[in-house]
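Quick heads-up: it's one chain on its own, the form predicted on its own, in structure tokens.
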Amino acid sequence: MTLDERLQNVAVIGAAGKMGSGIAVLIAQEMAKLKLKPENNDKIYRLNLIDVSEKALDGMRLYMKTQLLKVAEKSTVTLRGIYEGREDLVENAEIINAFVDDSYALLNFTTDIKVTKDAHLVFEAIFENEEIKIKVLKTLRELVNEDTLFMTNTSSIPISYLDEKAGLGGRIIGYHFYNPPVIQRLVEVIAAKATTDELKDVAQELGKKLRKTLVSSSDISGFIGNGHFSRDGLYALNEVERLKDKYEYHGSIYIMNKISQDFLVRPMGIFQLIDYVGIDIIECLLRVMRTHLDDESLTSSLIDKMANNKILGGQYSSGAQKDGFLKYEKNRPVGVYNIEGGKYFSFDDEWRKNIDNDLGILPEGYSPWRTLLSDAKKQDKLKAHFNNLKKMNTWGAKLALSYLKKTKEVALKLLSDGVATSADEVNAILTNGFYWLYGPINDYI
């Protein structure tokens, strides 16, 4: 069965979640384009969007219309070609609305998992809990046809483990979209030991159709992306524990967030990133990796305390950032959580000035991430930035260089452990999936 044939009937499990809804938008537009081909007019296309929550599905209806409208508005030239035979569609607005309506007509919102019985392709995007995932995959195995293929969005659970426990016989592959799937170009692809060649080919073809950058990872818990991110985050968390006696928790969090964002020229500080991903997700990620890798170092008492206090970060349905390690207003940090006091410490100009004085100045010629992002000479400027950093004797420079060294060590260990087969793979994940301006395997240190 070809990919186009498989895209006649598709199911997304966990469709109303952050990742599932984004995957649904991507698949819906591709299915609509197929349906609108003259030779497919008489064929039935169905995208089953399945979730346990009716309320979440209600919210998803509006989300799908909004996102499909955005897709159509950016694709008017393509859509004019698709609708060239429709004399009733003249204005761009008419064509855009037609595509939204045609895409939306393919969707079936439901809590009934039994609708998957005729699905040719199933995307699993439920919460990162291996027991629940295995239970759902087993249920699906009993419902679907023997040739149905599965793509799981797991970010840490070994695919071979899921394949074996769910009894899928190699019909599953890791297809880890990065958040948000509609915007992010990266998909991390992880084949199990038994993953069929057909599914591997489908995964590659789908990536091209969705215009994604595919990077392969070995089937080792955490894979490349979270294998690096988890350890990079743990380094910052451990530094907070080391610094807290002098600066307290809130001061130490502020310091490591500033070091990672400003001194290391990242798009956001490490604690902003942890908040964005979700503290509960990080806790789960560490637990999964700790179990499958038998590595007790993959733990953080601070993450556990935050999760126990229900300070979890993540995003609201509007896309606004929820409070986590940092407190946010209009998605900008305005305070930091003090775990010992159980409340947020609002940023105070004098307080920040004192800590910033301890850290010392940024390197000469410093430019923030956003400025360098579109700078044609960014690589030369980054090299100059880190060369200047190495010449400095300030405390901030020392903290930053230690962090830069650790980041590289983590990346190199992913190579030596066989998680990645090349430095290019590791660097591609961090630059595409995390929007770093440079890969962790570099000549800066």
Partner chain sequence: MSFFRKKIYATAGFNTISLGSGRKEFHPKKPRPGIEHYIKEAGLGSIDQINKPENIDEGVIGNFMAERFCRQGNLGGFFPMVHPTFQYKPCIRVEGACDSGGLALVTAIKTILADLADVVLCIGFEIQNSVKAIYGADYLAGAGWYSGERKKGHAYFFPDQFSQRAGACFEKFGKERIRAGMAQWYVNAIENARKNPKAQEYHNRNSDLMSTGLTPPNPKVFCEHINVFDCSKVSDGASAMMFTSEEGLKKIGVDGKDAVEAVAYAQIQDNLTTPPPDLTKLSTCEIAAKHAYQRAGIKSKDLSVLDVHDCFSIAGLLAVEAAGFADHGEGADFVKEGNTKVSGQIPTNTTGGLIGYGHPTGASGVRQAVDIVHQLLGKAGDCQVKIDSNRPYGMMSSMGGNDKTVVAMIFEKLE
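The structure displayed is predicted, hence computed values, not measured ones. Residue numbers count along the first chain shown, from 1.
A second form of this protein, the form predicted in complex with the partner chain, is not displayed here; the remarks below concern that form.
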query: Among 288-296, 105-113, 145-153, 85-93, the region lying within 4.5 Å of the partner chain in the predicted bound form by heavy atom distance; finding: 85-93
query: In the predicted bound form, the residue from 246, 135, 332, 80 that sits within 4.5 Å of the partner chain by heavy atoms; finding: 80
query: Contacting member of 301, 76, 204, 309, with respect to the partner chain in the predicted bound form [4.5 Å, heavy atom]; finding: 76
query: Any non-hydrogen atom of residue 69 within 4.5 angstroms of the partner chain in the predicted bound form; finding: yes
